[in-house]
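In structure tokens, the next block holds one chain alone, the form predicted alone.
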């Protein structure tokens, strides 16, 4: 597996890049994509930035966000592809098929469940965010970080660490964040845009979703649901449900929190969070998903949301019983 210094040297071999990240992107996915894109442009490289389904409104404040295109709008030739924050190629829905055979794939990720799908792989589960890894790569390339890059990378690091509340926050995370603030990132503005600026529709949808909140008899597992027709009713896209899974996790005594969401493709997307020792990345892997020990996700092939819920809950209880 490659280090950040190796990836820096590899990137300098190429002149044109496709930089892509996963469907339903979060702040780390988009912030890292934009930060690396800006950095490579500073070295005279050409970049195309892509994300399946586009990005959520909450991240549209980021500099350069209007340059991120959906897979059907990828154009031009590139001689290398960089895939960010994706544990496998299935996460970049519709983009993998746009990468010509023979073009090297550079896989930069921090999920412990990463499938090492790249020609080159820089996977660091110890990093709080891919934004940390991108910062290290750009530093190794001796690319100066400007205000726009700092804003994007701080958003990446800040959101994936829960603004430094989560257990993945390390001294390195805080040092990198401090350097990005020195370069012009404004934590208060980024936090306000990400967490405190919502559409009326998304807040009304949250109220409907919280009405579905349930726990099991033991109070150890809690879940909420998002019905597809509700998205249309409130004029909300899937990206605006980011963070809803954290609400069942707040219930006192809950160890596993789940969000079941009907997608436009007919699949049931499942967001997973945990407290304590339960490893939701292992739960997600059981359904061909992935993530971190305390935050993961997958898509379940099921005829209904109820069937998906029962399948996931059965696996949760099986894992809990095995851990006793």
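Here the structure is a predicted model, which means the values were calculated and not measured. Numbering follows the first chain given and starts at 1.
Omitted from view is the form predicted in complex with a small molecule, to which the following refers.
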{"property": "The small molecule in the model of the complex: contacting segment from 174 to 182, 80 to 88, 205 to 213, 250 to 258, heavy atom within 4.5 Å", "result": "80 to 88"}
{"property": "Any non-hydrogen atom of residue 58 within 4.5 angstroms of the small molecule in the model of the complex", "result": "no"}
{"property": "Heavy atom of residue 37 within 4.5 Å of the small molecule in the model of the complex", "result": "no"}
{"property": "4.5 Å heavy atom contact, residue 299 and the small molecule in the model of the complex", "result": "yes"}
{"property": "4.5 Å heavy atom contact, residue 27 and the small molecule in the model of the complex", "result": "no"}
{"property": "Selected contact from 62, 295, 283, 51, since only one has a non-hydrogen atom within 4.5 angstroms of the small molecule in the model of the complex", "result": "295"}
